[in-house]
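Just one chain follows, in the form predicted on its own, and it is written as C-alpha coordinates.
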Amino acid sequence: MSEYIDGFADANTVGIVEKQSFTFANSGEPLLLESGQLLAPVTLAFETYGRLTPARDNAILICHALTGDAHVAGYHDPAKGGSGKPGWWELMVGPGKPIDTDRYFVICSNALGSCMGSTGPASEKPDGSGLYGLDFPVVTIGDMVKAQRELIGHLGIPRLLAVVGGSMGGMQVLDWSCRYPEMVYAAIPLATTARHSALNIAFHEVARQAIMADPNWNRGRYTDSSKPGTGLAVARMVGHITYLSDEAMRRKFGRRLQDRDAFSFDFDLDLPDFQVESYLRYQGRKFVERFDANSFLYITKAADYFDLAAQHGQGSLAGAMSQAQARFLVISFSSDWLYPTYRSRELVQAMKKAGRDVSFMEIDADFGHDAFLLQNERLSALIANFLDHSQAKLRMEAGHAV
(Lines give C-alpha, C1' and ligand atoms only; values in the text may rest on other atoms or scores of the structure.)
Protein backbone atom coordinates (compact mmCIF):
# COMPACT_ATOMS: atom_id res chain seq x y z
CA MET A 1 0.00 0.00 0.00
CA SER A 2 1.67 3.12 -1.15
CA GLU A 3 0.95 6.36 0.52
CA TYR A 4 3.29 9.08 -0.49
CA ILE A 5 3.98 9.86 -4.08
CA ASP A 6 6.10 13.00 -4.32
CA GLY A 7 3.64 15.75 -5.15
CA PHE A 8 3.87 18.02 -8.12
CA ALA A 9 3.82 21.79 -8.21
CA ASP A 10 0.48 23.25 -9.25
CA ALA A 11 -0.77 26.83 -9.42
CA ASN A 12 -4.26 25.75 -8.32
CA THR A 13 -3.47 24.96 -4.74
CA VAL A 14 -5.07 25.62 -1.39
CA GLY A 15 -1.76 27.26 -0.52
CA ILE A 16 -0.33 27.35 2.96
CA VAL A 17 -2.13 24.99 5.35
CA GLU A 18 -1.65 24.06 8.99
CA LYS A 19 -1.81 20.73 10.72
CA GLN A 20 -4.33 20.77 13.56
CA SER A 21 -5.00 18.32 16.35
CA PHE A 22 -8.05 17.13 18.22
CA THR A 23 -7.93 15.28 21.53
CA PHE A 24 -10.83 13.40 23.04
CA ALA A 25 -11.39 11.01 25.94
CA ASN A 26 -9.09 13.28 27.92
CA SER A 27 -11.32 13.35 30.94
CA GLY A 28 -14.41 11.60 29.65
CA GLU A 29 -15.15 8.11 28.42
CA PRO A 30 -12.16 6.29 26.91
CA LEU A 31 -12.24 4.87 23.40
CA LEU A 32 -13.33 1.23 23.54
CA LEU A 33 -11.21 -0.66 21.03
CA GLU A 34 -12.33 -3.76 19.16
CA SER A 35 -9.76 -5.75 21.14
CA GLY A 36 -11.72 -4.86 24.27
CA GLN A 37 -9.01 -2.57 25.60
CA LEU A 38 -9.56 1.08 26.45
CA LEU A 39 -7.51 3.99 25.17
CA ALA A 40 -7.40 7.52 26.55
CA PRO A 41 -6.64 10.21 25.77
CA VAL A 42 -6.73 10.00 21.98
CA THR A 43 -5.31 12.66 19.67
CA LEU A 44 -5.83 12.86 15.93
CA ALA A 45 -3.82 15.14 13.67
CA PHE A 46 -5.90 16.58 10.86
CA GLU A 47 -6.10 19.22 8.16
CA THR A 48 -9.07 20.92 6.55
CA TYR A 49 -9.48 22.84 3.29
CA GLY A 50 -12.38 24.89 1.95
CA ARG A 51 -15.41 26.08 3.87
CA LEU A 52 -18.33 24.27 5.42
CA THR A 53 -21.66 25.53 4.10
CA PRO A 54 -24.31 26.82 6.54
CA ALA A 55 -26.29 23.62 5.78
CA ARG A 56 -23.16 21.57 6.58
CA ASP A 57 -23.79 19.42 3.52
CA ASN A 58 -20.48 19.68 1.66
CA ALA A 59 -18.01 17.85 3.89
CA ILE A 60 -15.75 15.21 2.36
CA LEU A 61 -13.52 13.00 4.49
CA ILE A 62 -10.38 11.64 2.82
CA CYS A 63 -8.80 8.57 4.41
CA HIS A 64 -5.10 8.05 3.77
CA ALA A 65 -3.26 4.85 2.92
CA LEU A 66 -0.97 2.76 5.09
CA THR A 67 1.73 5.17 6.17
CA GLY A 68 0.30 8.41 4.87
CA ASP A 69 -0.68 11.45 6.87
CA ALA A 70 -3.23 14.24 7.14
CA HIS A 71 -1.38 16.47 4.67
CA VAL A 72 -3.43 15.90 1.53
CA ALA A 73 -3.08 19.25 -0.20
CA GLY A 74 -1.31 22.59 -0.03
CA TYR A 75 1.96 23.35 1.71
CA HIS A 76 3.21 23.71 5.23
CA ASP A 77 4.84 27.09 5.62
CA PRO A 78 8.64 26.75 5.35
CA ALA A 79 8.94 29.88 7.52
CA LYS A 80 7.29 27.85 10.30
CA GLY A 81 9.39 24.76 9.82
CA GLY A 82 7.33 23.19 7.04
CA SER A 83 9.00 21.32 4.21
CA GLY A 84 7.19 23.30 1.54
CA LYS A 85 6.31 19.93 -0.01
CA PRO A 86 2.83 19.61 -1.53
CA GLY A 87 0.32 17.25 0.02
CA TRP A 88 0.20 13.63 -1.11
CA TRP A 89 -2.97 14.13 -3.24
CA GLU A 90 -2.26 17.68 -4.39
CA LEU A 91 -3.26 16.72 -7.92
CA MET A 92 -6.75 15.74 -6.73
CA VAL A 93 -7.59 18.25 -3.98
CA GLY A 94 -7.69 22.01 -4.44
CA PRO A 95 -9.52 24.86 -6.17
CA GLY A 96 -11.09 23.65 -9.41
CA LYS A 97 -9.73 20.13 -8.94
CA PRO A 98 -11.81 16.93 -8.81
CA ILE A 99 -12.23 17.34 -5.04
CA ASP A 100 -12.86 21.04 -5.43
CA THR A 101 -12.10 23.06 -2.32
CA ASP A 102 -14.12 25.95 -3.76
CA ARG A 103 -17.17 23.72 -3.36
CA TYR A 104 -16.35 21.17 -0.69
CA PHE A 105 -15.07 21.25 2.87
CA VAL A 106 -12.33 18.62 2.87
CA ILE A 107 -11.02 16.88 5.97
CA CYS A 108 -8.21 14.39 6.34
CA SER A 109 -7.06 12.96 9.65
CA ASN A 110 -3.99 10.93 10.42
CA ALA A 111 -4.99 7.40 11.38
CA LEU A 112 -5.07 6.19 14.97
CA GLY A 113 -1.88 4.19 15.60
CA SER A 114 0.21 6.24 13.22
CA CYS A 115 3.21 8.36 14.15
CA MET A 116 2.30 11.40 12.07
CA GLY A 117 0.63 13.38 14.83
CA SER A 118 -1.99 10.92 16.07
CA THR A 119 -1.87 8.71 19.15
CA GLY A 120 0.13 5.57 18.52
CA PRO A 121 2.98 3.46 19.85
CA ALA A 122 5.39 6.37 19.36
CA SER A 123 3.31 8.55 21.70
CA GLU A 124 4.01 9.25 25.34
CA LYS A 125 2.02 7.19 27.81
CA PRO A 126 -0.46 9.28 29.81
CA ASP A 127 1.26 8.32 33.09
CA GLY A 128 4.52 9.85 31.90
CA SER A 129 6.46 6.57 32.04
CA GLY A 130 7.83 6.87 28.51
CA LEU A 131 6.64 5.90 25.06
CA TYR A 132 3.95 3.29 24.56
CA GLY A 133 6.01 1.01 22.32
CA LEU A 134 4.45 -2.44 22.41
CA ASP A 135 2.37 -1.39 25.43
CA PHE A 136 0.13 0.40 22.94
CA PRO A 137 -3.05 -1.64 22.40
CA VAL A 138 -3.61 -3.25 19.02
CA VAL A 139 -5.93 -1.11 16.91
CA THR A 140 -8.12 -2.02 13.95
CA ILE A 141 -9.52 -0.25 10.90
CA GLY A 142 -12.78 0.01 12.85
CA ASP A 143 -10.97 1.71 15.73
CA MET A 144 -9.48 4.22 13.28
CA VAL A 145 -12.97 4.97 11.97
CA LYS A 146 -14.43 5.31 15.46
CA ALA A 147 -11.76 7.87 16.28
CA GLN A 148 -12.50 9.74 13.04
CA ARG A 149 -16.17 9.74 14.00
CA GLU A 150 -15.25 11.67 17.14
CA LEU A 151 -13.41 14.23 15.02
CA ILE A 152 -16.32 14.66 12.60
CA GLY A 153 -18.65 15.20 15.56
CA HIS A 154 -16.23 17.72 17.00
CA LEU A 155 -16.33 19.62 13.69
CA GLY A 156 -20.12 19.77 13.91
CA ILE A 157 -20.81 17.73 10.78
CA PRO A 158 -23.97 15.59 11.02
CA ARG A 159 -23.44 13.75 7.73
CA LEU A 160 -20.54 13.51 5.30
CA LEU A 161 -21.26 14.21 1.66
CA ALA A 162 -18.61 11.61 0.87
CA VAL A 163 -15.84 9.48 2.30
CA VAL A 164 -12.97 8.87 -0.12
CA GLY A 165 -9.85 6.75 0.20
CA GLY A 166 -7.49 4.34 -1.53
CA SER A 167 -5.78 1.18 -0.32
CA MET A 168 -6.02 1.12 3.50
CA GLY A 169 -7.96 4.37 3.15
CA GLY A 170 -10.47 2.42 1.07
CA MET A 171 -10.89 -0.05 3.91
CA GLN A 172 -11.80 2.87 6.15
CA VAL A 173 -14.29 4.08 3.55
CA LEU A 174 -16.00 0.69 3.56
CA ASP A 175 -16.01 0.51 7.34
CA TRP A 176 -17.44 4.04 7.60
CA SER A 177 -20.24 3.04 5.22
CA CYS A 178 -21.27 0.05 7.32
CA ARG A 179 -20.50 1.35 10.82
CA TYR A 180 -22.12 4.78 10.47
CA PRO A 181 -24.48 4.42 7.49
CA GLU A 182 -26.58 7.42 8.44
CA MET A 183 -23.48 9.62 8.27
CA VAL A 184 -22.21 8.67 4.80
CA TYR A 185 -24.12 9.89 1.76
CA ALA A 186 -21.57 8.77 -0.85
CA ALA A 187 -18.44 6.65 -0.76
CA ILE A 188 -15.47 6.17 -3.09
CA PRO A 189 -13.27 3.18 -2.22
CA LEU A 190 -10.25 3.07 -4.55
CA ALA A 191 -7.78 0.24 -5.18
CA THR A 192 -8.88 -1.61 -2.07
CA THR A 193 -10.38 -4.80 -0.73
CA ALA A 194 -12.94 -6.05 1.77
CA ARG A 195 -10.24 -8.16 3.40
CA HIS A 196 -6.64 -9.19 2.95
CA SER A 197 -5.70 -12.35 1.12
CA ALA A 198 -3.01 -14.73 2.35
CA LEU A 199 -0.64 -13.06 -0.14
CA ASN A 200 -1.32 -9.61 1.34
CA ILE A 201 -0.79 -10.89 4.88
CA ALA A 202 2.37 -12.69 3.81
CA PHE A 203 3.98 -9.53 2.45
CA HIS A 204 3.11 -7.69 5.66
CA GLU A 205 4.50 -10.48 7.79
CA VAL A 206 7.81 -10.44 5.92
CA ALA A 207 7.99 -6.69 6.49
CA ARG A 208 7.19 -7.05 10.20
CA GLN A 209 9.75 -9.80 10.61
CA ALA A 210 12.38 -7.58 9.00
CA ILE A 211 11.75 -4.96 11.69
CA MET A 212 11.63 -7.41 14.57
CA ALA A 213 14.84 -9.12 13.39
CA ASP A 214 16.72 -5.84 13.62
CA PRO A 215 18.75 -6.01 16.88
CA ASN A 216 17.91 -2.36 17.54
CA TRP A 217 14.21 -3.14 17.68
CA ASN A 218 14.66 -4.56 21.21
CA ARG A 219 11.04 -5.71 21.46
CA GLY A 220 9.86 -2.23 20.65
CA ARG A 221 11.91 -0.45 23.30
CA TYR A 222 14.31 1.38 21.05
CA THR A 223 15.46 4.97 21.43
CA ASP A 224 15.87 7.87 19.03
CA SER A 225 19.58 7.12 18.81
CA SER A 226 19.18 3.39 18.19
CA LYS A 227 16.15 2.86 15.98
CA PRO A 228 15.70 -0.34 13.96
CA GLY A 229 16.41 1.55 10.76
CA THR A 230 17.77 -1.37 8.78
CA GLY A 231 14.72 -3.52 9.47
CA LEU A 232 12.30 -0.70 8.74
CA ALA A 233 14.09 0.11 5.48
CA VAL A 234 13.85 -3.50 4.34
CA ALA A 235 10.18 -3.54 5.31
CA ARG A 236 9.62 -0.49 3.15
CA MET A 237 11.52 -2.01 0.26
CA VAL A 238 9.30 -5.10 0.38
CA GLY A 239 6.20 -2.93 0.43
CA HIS A 240 7.39 -0.70 -2.38
CA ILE A 241 7.77 -3.64 -4.72
CA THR A 242 4.09 -4.42 -4.25
CA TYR A 243 3.09 -0.85 -5.09
CA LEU A 244 4.49 -1.07 -8.61
CA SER A 245 3.82 -3.42 -11.50
CA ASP A 246 6.00 -5.54 -13.73
CA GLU A 247 5.50 -3.07 -16.58
CA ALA A 248 6.17 -0.03 -14.41
CA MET A 249 9.39 -1.54 -13.11
CA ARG A 250 10.49 -2.65 -16.57
CA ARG A 251 9.90 0.81 -17.98
CA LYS A 252 11.43 2.65 -15.03
CA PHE A 253 14.49 0.46 -14.44
CA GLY A 254 14.79 -2.47 -16.79
CA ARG A 255 18.16 -4.08 -16.11
CA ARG A 256 20.00 -0.77 -16.28
CA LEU A 257 23.10 -0.42 -14.11
CA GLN A 258 23.57 2.25 -11.47
CA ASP A 259 26.54 4.51 -12.26
CA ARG A 260 28.47 1.58 -13.72
CA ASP A 261 29.42 0.18 -17.09
CA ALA A 262 29.77 -3.41 -15.92
CA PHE A 263 28.83 -5.75 -13.09
CA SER A 264 30.83 -5.33 -9.91
CA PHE A 265 30.81 -9.02 -9.03
CA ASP A 266 30.56 -8.11 -5.35
CA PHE A 267 27.97 -6.97 -2.79
CA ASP A 268 28.86 -3.31 -2.59
CA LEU A 269 26.73 -1.80 0.19
CA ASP A 270 27.28 1.73 -1.07
CA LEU A 271 26.93 1.26 -4.81
CA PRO A 272 24.71 -1.59 -6.00
CA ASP A 273 24.84 -2.89 -9.56
CA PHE A 274 21.28 -2.26 -10.71
CA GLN A 275 19.20 0.92 -10.73
CA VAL A 276 16.28 -0.89 -9.14
CA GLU A 277 18.48 -1.87 -6.21
CA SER A 278 19.56 1.72 -5.73
CA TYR A 279 15.96 2.92 -5.98
CA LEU A 280 14.72 0.52 -3.32
CA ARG A 281 17.55 1.44 -0.97
CA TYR A 282 16.71 5.13 -1.44
CA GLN A 283 13.03 4.48 -0.69
CA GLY A 284 14.01 2.54 2.42
CA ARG A 285 16.31 5.30 3.72
CA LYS A 286 13.73 7.99 3.03
CA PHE A 287 11.04 6.06 4.86
CA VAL A 288 13.20 5.59 7.97
CA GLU A 289 13.55 9.37 8.20
CA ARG A 290 9.83 9.91 8.57
CA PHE A 291 8.18 6.82 10.02
CA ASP A 292 8.22 4.83 13.24
CA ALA A 293 8.93 1.09 13.17
CA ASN A 294 6.41 0.18 15.85
CA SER A 295 3.68 2.19 14.12
CA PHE A 296 4.41 0.21 10.98
CA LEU A 297 3.85 -3.02 12.90
CA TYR A 298 0.54 -1.83 14.31
CA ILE A 299 -0.89 -0.39 11.12
CA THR A 300 -0.01 -3.38 8.96
CA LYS A 301 -1.65 -5.60 11.56
CA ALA A 302 -4.78 -3.42 11.46
CA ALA A 303 -4.99 -3.87 7.69
CA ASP A 304 -4.49 -7.63 8.04
CA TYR A 305 -7.27 -7.92 10.63
CA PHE A 306 -9.75 -6.02 8.46
CA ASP A 307 -12.63 -8.24 7.31
CA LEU A 308 -15.73 -6.30 6.32
CA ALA A 309 -17.96 -9.35 6.04
CA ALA A 310 -16.97 -10.73 9.43
CA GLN A 311 -17.24 -7.36 11.16
CA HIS A 312 -20.52 -6.15 9.72
CA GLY A 313 -22.22 -9.04 7.92
CA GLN A 314 -21.75 -12.15 10.05
CA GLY A 315 -19.50 -13.53 7.33
CA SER A 316 -21.55 -12.28 4.38
CA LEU A 317 -20.19 -9.43 2.30
CA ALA A 318 -23.66 -8.70 0.94
CA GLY A 319 -24.91 -8.77 4.50
CA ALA A 320 -22.30 -6.19 5.45
CA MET A 321 -23.21 -3.97 2.53
CA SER A 322 -26.88 -4.21 3.47
CA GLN A 323 -25.92 -2.16 6.52
CA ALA A 324 -24.77 0.71 4.28
CA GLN A 325 -26.96 3.46 2.85
CA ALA A 326 -24.40 5.31 0.72
CA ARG A 327 -24.18 5.47 -3.04
CA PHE A 328 -20.85 4.02 -4.13
CA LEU A 329 -18.22 4.59 -6.78
CA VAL A 330 -15.78 1.66 -6.75
CA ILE A 331 -12.58 2.03 -8.77
CA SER A 332 -9.83 -0.48 -9.49
CA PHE A 333 -6.74 -0.38 -11.70
CA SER A 334 -5.86 -2.98 -14.30
CA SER A 335 -2.24 -3.50 -13.18
CA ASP A 336 -2.86 -3.46 -9.41
CA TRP A 337 -1.69 -6.91 -8.35
CA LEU A 338 -1.82 -6.00 -4.64
CA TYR A 339 -5.60 -5.53 -4.78
CA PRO A 340 -6.61 -6.93 -8.17
CA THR A 341 -9.80 -5.92 -9.93
CA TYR A 342 -11.57 -9.14 -9.04
CA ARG A 343 -11.58 -8.00 -5.40
CA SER A 344 -13.41 -4.83 -6.39
CA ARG A 345 -15.84 -6.86 -8.48
CA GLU A 346 -16.62 -8.96 -5.41
CA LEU A 347 -17.40 -5.76 -3.55
CA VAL A 348 -19.60 -4.47 -6.34
CA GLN A 349 -21.50 -7.75 -6.60
CA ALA A 350 -22.14 -7.66 -2.85
CA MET A 351 -23.31 -4.05 -3.07
CA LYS A 352 -25.69 -4.89 -5.91
CA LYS A 353 -27.00 -7.93 -4.08
CA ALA A 354 -27.66 -5.68 -1.09
CA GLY A 355 -29.52 -3.22 -3.29
CA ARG A 356 -26.98 -0.43 -3.08
CA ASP A 357 -26.57 2.30 -5.71
CA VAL A 358 -23.13 1.48 -7.10
CA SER A 359 -21.00 2.45 -10.08
CA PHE A 360 -17.82 0.59 -10.93
CA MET A 361 -14.88 1.31 -13.17
CA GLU A 362 -11.65 -0.52 -13.83
CA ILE A 363 -9.15 2.03 -15.10
CA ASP A 364 -6.55 0.81 -17.54
CA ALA A 365 -3.26 1.93 -15.99
CA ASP A 366 0.10 0.18 -15.95
CA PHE A 367 1.54 1.81 -12.81
CA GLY A 368 0.37 -0.92 -10.43
CA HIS A 369 -1.20 -0.20 -7.06
CA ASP A 370 0.25 3.32 -7.00
CA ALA A 371 -1.97 4.29 -9.94
CA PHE A 372 -4.63 5.78 -7.68
CA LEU A 373 -2.13 8.39 -6.49
CA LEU A 374 -0.98 9.45 -9.94
CA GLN A 375 -2.28 11.83 -12.56
CA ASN A 376 -5.07 10.18 -14.55
CA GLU A 377 -7.68 12.18 -16.43
CA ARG A 378 -10.22 9.38 -16.32
CA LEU A 379 -9.85 8.99 -12.55
CA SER A 380 -10.18 12.73 -12.07
CA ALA A 381 -13.30 12.92 -14.21
CA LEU A 382 -14.94 9.97 -12.47
CA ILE A 383 -14.42 11.41 -9.01
CA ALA A 384 -15.41 14.95 -9.99
CA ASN A 385 -18.62 13.82 -11.68
CA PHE A 386 -19.59 11.42 -8.92
CA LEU A 387 -19.14 14.08 -6.23
CA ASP A 388 -21.01 16.64 -8.32
CA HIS A 389 -23.97 14.28 -8.84
CA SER A 390 -23.93 13.21 -5.21
CA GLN A 391 -24.08 16.77 -3.95
CA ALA A 392 -26.89 17.66 -6.34
CA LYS A 393 -28.84 14.55 -5.34
CA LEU A 394 -28.31 15.20 -1.65
CA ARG A 395 -29.50 18.78 -1.94
CA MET A 396 -32.47 17.80 -4.02
CA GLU A 397 -33.49 15.23 -1.44
CA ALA A 398 -32.98 17.78 1.33
CA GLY A 399 -35.01 20.38 -0.55
CA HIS A 400 -32.03 22.69 -0.92
CA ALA A 401 -31.26 24.68 -4.01
CA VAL A 402 -29.12 22.72 -6.47
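None of these values were measured; they are calculated from a predicted model. Heads up: residue numbers just count along the shown sequence, starting at 1.
Not on display, but discussed next: the form predicted together with another copy of the chain.
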Identify, from the list 101, 123, 322, 140, the residue with a heavy atom within 4.5 Å of another copy of the chain in the model of the complex. 140
Identify which of 127, 224, 270, 261 has a heavy atom within 4.5 Å of another copy of the chain in the model of the complex; exactly one of them does. 270
Assert contact_stretch over 189-197, 86-94, 159-167, 72-80 against another copy of the chain in the model of the complex, heavy atom within 4.5 Å, equals 189-197
Considering only heavy atoms, tell me if residue 312 and another copy of the chain come within 4.5 Å of each other in the model of the complex. no
Should residue 292 be counted as a contact of another copy of the chain in the model of the complex, where contact means heavy atoms within 4.5 Å? no
Using 4.5 Å between non-hydrogen atoms, is residue 154 touching another copy of the chain in the model of the complex? no
Any chance residue 184 has a heavy atom within 4.5 Å of another copy of the chain in the model of the complex? no
Judged by heavy atom distances of 4.5 Å or less, which residues of 280-305 approach another copy of the chain in the model of the complex? 280, 281, 297, 298, 301, 304, 305
